[in-house]
Structure formats: C-alpha cells, structure tokens
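The chain below stands alone, shown as structure tokens; this is the form predicted alone.
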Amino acid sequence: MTPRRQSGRAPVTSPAAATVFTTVLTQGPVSRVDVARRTGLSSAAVTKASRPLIEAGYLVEMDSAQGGVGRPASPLDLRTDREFFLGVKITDRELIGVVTDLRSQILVTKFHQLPSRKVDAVVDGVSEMVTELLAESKAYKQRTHCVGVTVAGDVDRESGFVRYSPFLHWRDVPLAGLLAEKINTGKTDLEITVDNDVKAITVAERWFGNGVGADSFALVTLGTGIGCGLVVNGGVVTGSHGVAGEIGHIPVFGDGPLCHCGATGCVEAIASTDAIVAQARTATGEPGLTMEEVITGARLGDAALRRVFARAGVAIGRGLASMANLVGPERIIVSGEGLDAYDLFADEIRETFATQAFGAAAHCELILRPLPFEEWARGAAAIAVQTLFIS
C-alpha cells in the first residue's frame, strides 16, 4: 500500500519556499522586506521563493501600502480559498470531521457516532465522513486534495501505521493505506496523512494559537489520556521512532497504580479521566460514579473526592516540571476536556510545578487553553496543510 503521495500542487520545492510560505501563512499579510527580516533570508531569495507561489495562486500581492524609507510595499498574503482541507479526529466513540481553508479556519463541522471500534467500522466511518464533507460544496470537491486523520496513541506518520492506540485497542493497523484504498475509488485521489492527535493539535497551535511567536513551547492535554506535544527551536518534535513528549507516561508515584502501558505510577494512571473515576469509586465505595458526579461531589466538599483530585494535581505538576526541566519551553499550554475540573487541582499543579521545576524553569508560563472537540479535527486538517511543504 502507498498511503501518501506527493501532490505536486503547491510549488513549495525548497527550504526557502517553505520558510516564505509558512511565514505568510502564520503572520501575513507581510511585506517581502519583513519576511526577509524575520527569516534571515535575503530579499532576492524571498522574491525568488514567492514568485511561483504567487503564480500558482497560493500567495497574493495586496495593494501597495507605504513601506519604509518612503517606498511603497506590496504585502504578501495567503489566498485562503486556493485549496481546502479535511480533518477527521477518531475517538473511541465518534468521528469529528471538519473542512478548513488554507489557514485552518473551520468552514464545516460534522459529528458521527462510531458503531464499533473495529478497524473496518472506523475505516468505513471515516470514508463516509469524507464523502459527506466534500458534498457540502462543489468547491470542496474541486479544490480538496489532502485529508488529515488523527488518533490517540503511537502513530508512525511516515508509514501511516497506528502502532498502538489504547482507547481503540489497536496494534499495528496500516490506517493510512486502508483509508486510501477505501476513499480513493473512481476519480477521487486524496492524499491521506495519519498522525497522533496531540502532535496535530500542536501544529495548529504553533501556527495559529498560543504557540505563535514562541521558539519553544509544550501543549499538554488533560482528559481520557494525558498527551503532550513539543515544539523546540521552531519545529514539532517527532522523535526518532515517532514517539516524543509522552508526559502521560512519566512515572511520578513509585507506589502508583498499573498503567495500560505496562508501567506503574504514570501520570496518566493517576490523573486521566478514567483514572480519577476509578480512584473515586474506590475511595467512596460507589462503583457507579461518573466523572460528572465525581466533579460535583468534590466541589461540594467531599473530602475523599478532593483527595483524589489533589493527588492528580500533584501527578500532573510533577510531569510538567519534569518536562520543563528536560526541555525548557518558553510556555506550557494546558488544554483538553480535563480542564472542566481544573479548579479542583489547579493549586496542586502550580505548587508542585513550582517546587519540582529546577531554577529558572519554574518561571515557565502556564497558559490554560479551552479545547472544543472540533479543535481536534482542526489539528488533523493542519497536518493536511503541512503536506504542501513536507517532502
């Protein structure tokens, strides 16, 4: 199977072209002079790199504005409707799909329930989602060439294999190839890219969110799992084996519970949604408690439930501090559905982080970032945009 192909649409064929394209993508409209100043490229290199992008309709020269030293400047900006992108986020219960423009602005959102976690059912569901999204507009059918699909777990983007997804109970699934075979029938010829969901969100955050302007930052997601995406020296860290930033599997309690990964005392085994619910049920002797009931009880002052959240906060704080000590990011963005309960362990997170972070690492800014579910699919679309300039 060949899960990915080079489309050859956007003439982003050199590092200079990729630099110019991403600068305009994230900071436009911007003049060539400013592109040169911000990137270190020469003015001639910027002009050479931008010309084919303008000719292909990806960049556009805006009306001249008065530039420096009395000379007019024609800022470069993105033609956002030059191409559209699909993003699909796979969860253990549903699919979230979006159509976005070239700046990953969401134009259409759809939610589909999954009847099963089995591979065939998910592949069929993603294929149906893609068909429905494209049917929303004739322009989408004509100008959509890339689909990004994301899933939690260990994903090898280059091969399109999901090596391990704990929530789907998958191992070694050639997802990109299966999707390409299912979707690309008849005249359809879409490039399928599969990646880890948190890494994809990190790409979107780097380009369009709280990561803009930061040379290094971390995005930590709290929820069913504890995920982390890292940007260092302006690039998303993928790891030599496709695994990096797994803060959820840092051991923080020697006597902690067994994690699904096989280790003990991991952050995720103590502070994920499922782990908090399990500990709350044990602490109260009520086996039917839901997360909503656990949160409500803790806010009403139930001491046992508050201790569960406090321990989770300590685990998260230790994980954040370990990551800050190793990587030294400028800021840490904390997001995910787990933010719904943030008030119940915020003090423990911040106090533990301040205590465990070494020296100046404790000054790392912590930013709370709400993450609606459709933002996960937007991240998937962002990795589809990436295919324009990743060889």
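A quick note: this is a predicted structure, and the numbers were derived from the prediction, not measured. Numbering starts at 1 and follows the sequence shown.
The next section is about a form of this same protein that is not shown, the form predicted in complex with a further copy of the same chain.
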In the model of the complex, which of the listed residues (237, 114, 295, 123) lies with a heavy atom within 4.5 Å of a further copy of the same chain?
237
Check each of 184, 210, 137, 216 and return the one that places a heavy atom within 4.5 angstroms of a further copy of the same chain in the model of the complex.
216
Closest heavy atom of residue 107 to a further copy of the same chain in the model of the complex, within 4.5 Å or not?
no
Whether residue 30 contacts a further copy of the same chain in the model of the complex should be assessed with a 4.5 Å heavy atom distance threshold; does it?
no
Can you tell me if residue 26 lies within 4.5 angstroms of a further copy of the same chain in the model of the complex, counting non-hydrogen atoms only?
no
Whether residue 163 contacts a further copy of the same chain in the model of the complex should be assessed with a 4.5 Å heavy atom distance threshold; does it?
yes
Given 123-131, 225-233, 283-291, 88-96, the stretch touching a further copy of the same chain in the model of the complex at heavy atoms within 4.5 Å is 225-233
Taking a further copy of the same chain in the model of the complex and a 4.5 Å non-hydrogen atom cutoff, the residues of 30-52 making contact are 40
